[in-house]
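A single chain comes next, written as structure tokens; it is the form predicted on its own.
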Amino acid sequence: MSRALYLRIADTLRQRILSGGHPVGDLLPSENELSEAYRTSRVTVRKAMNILEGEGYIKARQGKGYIVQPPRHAVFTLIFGEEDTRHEFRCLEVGIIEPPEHAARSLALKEGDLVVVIRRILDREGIPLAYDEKFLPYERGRPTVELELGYSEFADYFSDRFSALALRTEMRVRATLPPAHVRLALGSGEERLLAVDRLVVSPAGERIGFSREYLTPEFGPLRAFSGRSGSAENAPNPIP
């Protein structure tokens, strides 16, 4: 199936920026010029520009158009490596519960609000590497509690309501002592583990999902990259 035209326009402009065809500070062709070049509407072109602006490649300037932005080398994309074929997720629980305090606070829930919880273990060759908990605000009547939720990627939970490109993820990484149920599941003792919190925010600023993943030392190093690589597929190889 052919990619939508606005995605192809975004792909072309992104590649030009990455290759230096549009250097930092360069003014991109106007929406009218691009719509004529691609024989499409300004609405389609604007959708492509919105993607690039969301990725940090360009910025709309009032009365000027779209200007290429410098890469942000202090902002990193973190890669968990969950796609590694040696890893396997085991779903422990999918249900509706009263949220623990940290999840309620992160999702800005009111007293009495419930959440859908998905708890999983990440294994490699039978060795538990990580404990993953995801919390989604429960909406009565929405068919969200299904076992397949336990095997989906986080962004897939919201695909029926939002484009993945429109979502924003905020992340925090710290070392902490896991609660007893996590230590029991991982077979770990009284030791601090690396905890990675992820908060998913809608285009309107609504907090729609929160996850916390506890990583054991066996999980191995995390990978991250900055600047402009376009996607995780183009990320550099791990530092040896």
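Here the structure is a predicted model, which is why all the values come from computation and not from measurement. Start at 1 and count along the sequence shown; that's the residue number. Take the two forms, find the largest set of C-alpha atoms that superpose within 1.5 Å, and that set is the rigid core.
Separately, the form predicted in complex with the DNA exists; it is not shown, and the next lines address it.
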At 4.5 Å by heavy atoms, is each residue in 168, 207 and 210 next to the DNA in the predicted complex?
no
Within 4.5 angstroms, counting heavy atoms, which one of the listed stretches 210-218, 62-70, 191-199, 174-182 is next to the DNA in the predicted complex?
62-70
Of 36-61, which residues get within 4.5 Å of the DNA in the predicted complex if you count heavy atoms?
39, 40, 41, 42, 43, 44, 46, 47, 60, 61
Inspect the rigid-core superposition and answer whether the C-alpha of residue 31 shifts by 2 angstroms or more between this form and the one not shown.
yes
Note yes or no: does the Cα of residue 196 move by 2 Å or more between this form and the one not shown after the core is superposed?
no
Against the rigid core, is the Cα displacement of residue 60 between this form and the one not shown at least 2 Å?
yes
